[in-house]
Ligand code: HEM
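Next up: just one chain, as structure tokens, the form predicted alone.
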């Protein structure tokens, strides 16, 4: 059956509309921002603007954006609650699908990067821990993406769907481990910053599940605790990866000196306290009207 012009238009605009079918500028802007890195990478690759090793650059960049969007997906619910911004929840599915697309492309690019040698690819994945956990993270995202539609939520039922989507936490941990093992070797601070953000986001969910709410003092404690854990993780990594040549005390001490720049732990503290401050101001200006929820751990959150 041929579709009418109105139906074609409705389906084309579906990603950018709310449940009432009204155009949602926030969703449209988010879609554009999510697509922008992919568009730029595609243009840079086809115009030979990715340096002397374009496949390697494409492999690295798609992986980077994949893990960034995984962390951003997990950030939606804490930000929605803390900032009292309900519309943010409408972006979670879109960001999650973008995280899968970039991650899947990242995995697919590894095939031509290894000259289509499937035997070697299989042995590398099995023998190298960072490749194994990265592959598992992408595979775990497949059922989450397939069941992300409203139709699948209805078919599975709310309880089963939530249990299945608890996989998102395992995805976050596996993807971060892959990223940390691979890029921390280059001593880039982004690995520690994203790891610290993941600590904050997962700890937030545990505390919320336990208390059923997240008052401002707990957000402050959470932010300080996540910063301390980030500091400890960074020190432990350098101590282990250098076989003790870099003393743990030296890395910890660097966090209290500006000689090596602003360390990841302070970035985590600043972000956590910044969100807490904005949430506190919003709370004072406009107290929430919704009823306080009981303790539970929501898979979709």
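Given the structure is predicted, the values throughout are model-derived calculations rather than measurements. Positions refer to the first chain, counted from 1.
Form predicted together with the ligand: not shown, discussed below.
**Q.** Contact stretch among 104-112, 85-93, 202-210, 222-230 - heavy atom within 4.5 Å of the ligand in the model of the complex
**A.** In the other structure, the partner sits against 104-112.
Q: Answer for residue 267 alone: is it within 4.5 Å of the ligand in the model of the complex, judged on heavy atom distances?
A: Residue 267: no, not in contact with the ligand in the model of the complex.
Q: Please check if residue 235 has a heavy atom lying within 4.5 Å of any heavy atom of the ligand in the model of the complex.
A: No - in the model of the complex, heavy atoms of residue 235 and the ligand never come within 4.5 Å of each other.
(Q) Whether residue 141 contacts the ligand in the model of the complex should be assessed with a 4.5 Å heavy atom distance threshold; does it? (A) Residue-level check for residue 141: yes, a contact with the ligand.
Q. Residue 198: heavy atom within 4.5 Å of the ligand in the model of the complex?
A. Looking in the model of the complex, residue contacts with the ligand do not include residue 198, since no heavy atom lies within 4.5 Å.
Q: Find the only residue in 169, 130, 218, 161 having a heavy atom within 4.5 Å of the ligand in the model of the complex.
A: Residue within 4.5 Å of the partner: 130.
**Q.** Contact residue in the model of the complex, chosen from 64, 275, 248, 55 - any heavy atom within 4.5 Å of the ligand
**A.** By the 4.5 Å criterion, the partner-contacting residue is 64.
Q. For 149-178: residues with a non-hydrogen atom within 4.5 angstroms of the ligand in the model of the complex?
A. Stretch hits, in order: 175, 178.
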